[in-house]
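Here's a solo chain for you in structure tokens, the form predicted alone.
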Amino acid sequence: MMKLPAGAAFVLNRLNQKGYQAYVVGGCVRDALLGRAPKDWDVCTSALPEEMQRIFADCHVIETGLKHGTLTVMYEHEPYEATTFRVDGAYTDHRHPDEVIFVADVKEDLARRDFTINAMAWNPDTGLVDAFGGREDLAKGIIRCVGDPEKRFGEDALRIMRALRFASVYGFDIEPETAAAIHRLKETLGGVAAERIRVELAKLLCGQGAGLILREYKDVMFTIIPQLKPMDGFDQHTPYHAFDVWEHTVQSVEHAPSNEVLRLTMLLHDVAKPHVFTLDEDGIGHAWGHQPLGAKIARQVLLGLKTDNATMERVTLLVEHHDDEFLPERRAMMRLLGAFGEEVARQLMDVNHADESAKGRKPQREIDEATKRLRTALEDVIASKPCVTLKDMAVNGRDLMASGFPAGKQLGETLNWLLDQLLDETLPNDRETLLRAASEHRKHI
């Protein structure tokens, strides 16, 4: 027995009372059976769109997509989508059905869905409708297409990414015929909007099985992000790395916190290594300059995926500085905070930890302890509320001009010099002290 939220129960009851079949369906059933709290509760029903309009005439209703049989009922400010049982026509664009045909049998509706674990419906009176073995696949941890995988993916190529995303998020295996179809049809992803791929990729990367998917379906990854392919099998020829660039990348994703920005950063952090790689006379490999070039390539990738500006700027910043070295000393932490601020400083430590953990050369305990020391040093400095930026200083440009400084280059240089003294903690952040120091400094510039 599932516990329905009041809104879903209201929609089901209203439809049932009017003589129509109605079920909660799809992802909410899947997640409820897994013991997870569903994010959305969708309803499917035998009622036609115009019948639903009449049934919910006293409610706030949004006509979400009437020609496809969908409207949204608002209940206490929460949306509940209700869709007429339907089968889909041809998918000439490999994304959307050319037409939908309304039907009276819920099993026909379930037959059009992507995967068996998403093709289940439930009603408190009739129980679970599971015509395709979704509950068994859920118990076994299997992603399987409903019916012929070639047909399912041919209808909507985005389902390829959805299959990989579900497998990663839930830690499931992909059934062999479904997996084979994914590999065969990967090129059809070229017809899918970049924004849709990005959403699925982000969820995939943050899943518990991200590493497994990146390894087993690297051909799909290289199809949607061709810039990744040169890393595959690229030997680094260095004592600091035990793995080729791609395997190191995959392991670094696995070691990063489950966060879109951090996992995108690790996916792209070494993308430029094959482009700048050199061998010295001793046969040791070097990738000098891969950080700034990597940031440029990462930006190119993220632009192609139509990533939002905030995510793109943060990822490219982290890629450019992923190889920066940190020391657990107060002065170093002051400089780090002054350059990047608290949030980025913490993220750089996460990136550094994931990168080191994926090199395969040091004991994990040693890496964890070194990172702990860095994080402790950083938090100690943050707790002391130091002055690390110009806006934190007890004096500003107006104060210096009031004390006799002319506006211009000298003024800016003096403010930056004062900030350097504060970062090194050779001066206190005291107004009178800083004004005296600035006056003395002016005599020597």
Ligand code: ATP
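Start at 1 and count along the sequence shown; that's the residue number. All values derive from a computational prediction rather than experimental measurement.
As for the form predicted together with this ligand, it is not shown, yet the points below apply to it.
The stretch among 55-63, 29-37, 372-380, 415-423 whose residues place heavy atoms within 4.5 Å of this ligand in the predicted complex is 29-37. Residues Asp42, Arg159 and Phe166 are all found to lie within 4.5 Å of this ligand in the predicted complex, as judged by heavy atom distances. Put simply, of Lys273, Arg263, His322, Arg113 only one has a heavy atom within 4.5 Å of this ligand in the predicted complex, and it is Arg113.
In summary, among the residues Gln236, Asn118, Gln227, Thr311, the only one with a non-hydrogen atom within 4.5 Å of this ligand in the predicted complex is Asn118.
Remark: His353 does not count among the residues lining this ligand in the predicted complex, judged by a heavy atom distance of 4.5 Å or less. In the predicted complex, this ligand sits within 4.5 Å of a heavy atom of Lys203.
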